[in-house]
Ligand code: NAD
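There is one chain below, alone, in structure tokens, taken in the form predicted alone.
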């Protein structure tokens, strides 16, 4: 939530935005509340790449229920730089080799895995074995089998497993979810969702390499896939897909672009695209009485909602990562399920596995089980 908005101002603006849409109610907003500094959970970030350094660390300076207390990195220079910047004791800084010693550290309650996709399973299993609560970035793993193993390990250890679907914790996405239930413009017939960015130097990026679990579908792909699911409020029954790679010498064994079509109950179809070759980001939902959606729909800010007949809806800017971590940690404190558990990540990965199968079989229609 914008620091310049108090709760009353925020709710007033939310209500005004809802009225502008012609709808009768506003979306669910995070119930995260301040529990006091002494009751905040301590979190350690595992992997100090862009997302940790530029997004999560600053967000953790704004959270109410969790604070940054640990770092895990394989780069000593990063350990020193960010340890000093955020006043992290050296005893709370680990590398990938001594990571398991974190089990003995009472200052760290939660471990957030922010590593290349190929490393997610290993560190979720190690975090669970250490007895820590676990947050894992999306996509959850390399395939559904890994997801099931991760869920089982966390259940056995008696710890929670949450997946970093930050959009579930921000108001625009929550509003689209509510519209899927309320159907203010009639039944939905089609969804179009695309998310991608132009990778300028793929030779230098792990996301362009198969050994790290890279590729468009394993980077931005979960965004249109998730959007199709929450925009309809349904689970797909079948999928067809196509993958393209215009520079195989650069994108090593991975997709540069993937398009996929999801079939939902009620003859609803979603056409989705994800790419590392172009900047694209939109969610269009076609219903009986017009088109609505978000442009962009998955940015860290600047999201804009549109409705039929040129109307729109907008909400105050907020720090999505802070809202996500606050709500996840509040669910841990209150010992209740979070909005995006491991099972949510597994559902996506089952569909991604089917997308790969369709591509391997020349675009064959794959029925989802």
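Model, not experiment: these values are computed from the prediction. Numbering follows the first chain given and starts at 1.
This protein has a second form, the form predicted in complex with the ligand, left out of what is shown; the following refers to that one.
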property: Exercise: residue 48 in contact with the ligand in the predicted complex, heavy atom 4.5 Å; result: yes
property: Contact test in the predicted complex: residue 137 vs the ligand, heavy atoms, 4.5 Å; result: yes
property: The ligand contact in the predicted complex: residue 166, any heavy atom under 4.5 Å; result: yes
property: Heavy atom of residue 245 within 4.5 Å of the ligand in the predicted complex; result: no
property: In the predicted complex, segment of 97 to 105, 212 to 220, 142 to 150, 236 to 244 with a heavy atom within 4.5 Å of the ligand; result: 212 to 220
property: Sole residue of 282, 185, 86, 206 within 4.5 Å of the ligand in the predicted complex, by heavy atom; result: 206
property: Single option in 71, 159, 114, 177 placed near the ligand in the predicted complex, where near means a heavy atom within 4.5 Å; result: 114
property: All of 192, 315 and 339 within 4.5 Å of the ligand in the predicted complex, heavy atom check; result: no
property: Residues within stretch 60 to 85 having a non-hydrogen atom within 4.5 Å of the ligand in the predicted complex; result: 78
